[in-house]
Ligand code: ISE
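First, one chain by itself: the form predicted alone, in structure tokens.
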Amino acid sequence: MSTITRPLAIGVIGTGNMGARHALNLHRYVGAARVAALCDTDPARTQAVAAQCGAPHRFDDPLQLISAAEVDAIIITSPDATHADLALACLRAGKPALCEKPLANSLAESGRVVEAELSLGRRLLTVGFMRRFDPQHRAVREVVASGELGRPLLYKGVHRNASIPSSVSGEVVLTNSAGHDFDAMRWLLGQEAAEVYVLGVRSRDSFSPETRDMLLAQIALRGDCLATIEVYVAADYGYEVSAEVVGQRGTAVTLQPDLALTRARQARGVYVPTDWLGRFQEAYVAELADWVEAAKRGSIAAGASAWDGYMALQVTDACIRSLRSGAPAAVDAPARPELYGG
């Protein structure tokens, strides 16, 4: 792909919360790109987003958007089950794509995406693990990489959402939410998981019997390091994420990005957002800016690769097996292909 000197023409597939956020961030904050096309099954939603970001083209069929001559690169924010097929279509079209997590709904599907990119011999896919661009997470990673803490001994991740539909199973929580935590663990430590043990509970009697909205994963990594990850998706009070690395000589933990201390109603405290969109706004803009510049140059974006998406699903798959069986499960760690820096 040759260098593109004009603004990169982006097509966004899916105009729900995440798709609308990406489209508006591109329009408002990433001058090197423009929103050229949108696609969604809801025409009214597509029209509303198009009116805000000035997208001139609208499609009902995502494959038509991908193949459209007026689209240089694609953002995939459609439902999880569509990600793998749309990523494969982008590879066939030879167009860069930023695919929201998860890369696929299953380990096998993600493997097919990686195989297709390997066959192509070019890295065109980036997976939307935006914590890699979050200033708080990046600061912890820099401390760990500096060696100031000594060898990492323990990773502690916390991931809380305010609410979920009452029928969501633990397996869906692992695939849809916990992938961010598995990627953050791998990225912060530079290590792969070896074994997982997952327990889950249902926090409310009103939830369906299959619901497991509080999950605790205990993980042994291959670098003689441990991890615990709590994912609680019905925490009620708001959305909050943290990551801590405990080393031989100290610890590093993400600070919450609070902008003000409020005193009101006989209380003193900080605001907790209701969802992830506001919490990671700065990360989303940085992620998009990096991805757009890489796509214009025909180079590799700094974000997570298809291989990273695949390895996050390796951990997810083992966690699902452990949750089902009630026993520890091994995590496969295949050799990283040369295309991905192996």
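Everything quoted here is computed from the prediction, not taken from an experiment. Numbering starts at 1 and follows the sequence shown.
Keep in mind that the form predicted together with this ligand is not shown, yet the notes after this line are about it.
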#### Entry: Exercise: residue 254 in contact with this ligand in the predicted complex, heavy atom 4.5 Å
no
### Task
Please run the contact check for residue 191 against this ligand in the predicted complex: heavy atoms, 4.5 angstroms, yes or no?
no
### Task
Using a 4.5 Å heavy atom cut-off, state whether residue 176 contacts this ligand in the predicted complex.
yes
### Query
Does this ligand come within 4.5 Å of any heavy atom of residue 74 in the predicted complex?
no
## Note on the structure
Checked 78, 161, 136, 211 for heavy atoms within 4.5 Å of this ligand in the predicted complex; positive is 161
#### Entry: Option touching this ligand, based on a heavy atom within 4.5 Å in the predicted complex, out of 87, 130, 217, 185
130
### Message
Is it true that 112, 307 and 340, all three, sit within 4.5 Å of this ligand in the predicted complex, judged by heavy atoms?
### Response
no
### Query
Counting only non-hydrogen atoms, which stretch in 177 to 185, 245 to 253, 220 to 228, 118 to 126 is within 4.5 Å of this ligand in the predicted complex?
177 to 185
### Query
Going by this ligand in the predicted complex, which residues of 89 to 114 come within 4.5 Å of it through any heavy atom?
101
